[in-house]
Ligand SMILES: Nc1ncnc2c1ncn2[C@@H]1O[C@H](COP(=O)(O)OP(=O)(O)O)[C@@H](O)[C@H]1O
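Quick setup: one chain, the form predicted alone, written in structure tokens, and binding and motion questions come after.
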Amino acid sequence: MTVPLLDVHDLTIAFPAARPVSNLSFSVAGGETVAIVGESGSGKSLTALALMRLLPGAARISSGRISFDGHDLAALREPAMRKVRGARLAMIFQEPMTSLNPVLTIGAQIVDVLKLHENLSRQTARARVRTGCPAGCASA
């Protein structure tokens, strides 16, 4: 049996007065695509935010386990989690108006992501954005 790339087991997300996600379990194998679907307010976004360790305000994971590539995400310190988030594990938001800051150019926002997740200088990140050069290619 293959070890799943992502394994969520009995995940419960709680707020002080509610538990919008209770005992959720699923696995995702490498190369597999999975979509989480459900009614508005059913906990889809909270589940994705929990995987990324980006839960808002008073929300917390009250029980369960999230494993990614054999690592317990809850046990990772924030610098290690930052290396996973964006580079290996990402969330694609449905609403573009909540994904991008309208005050900043898209290029500037991409530069910030490259600096944070790939540890690039601002100059190198800008060059990659200008040329459309993907990770690992030589920048001009």
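Because the structure is a prediction, the values reported are computed rather than measured. Residue numbers run from 1 along the displayed sequence.
Not pictured, yet referred to below: the form predicted in complex with the ligand.
- The ligand is not shown here, and in the model of the complex it never comes within 4.5 Å of any heavy atom of G70.
- Under a 4.5 angstroms non-hydrogen atom cutoff, the ligand in the model of the complex has K44 among its neighbouring residues.
- The ligand in the model of the complex is approached by E39, whose closest heavy atom lies within 4.5 angstroms of it.
- Interface membership of P56, defined by any non-hydrogen atom within 4.5 Å of the ligand in the model of the complex, is confirmed.
- Partner contacts here mean any heavy atom within 4.5 Å of the ligand in the model of the complex, and among 109-117, 45-53, 22-30, 77-85 they occur only in 45-53.
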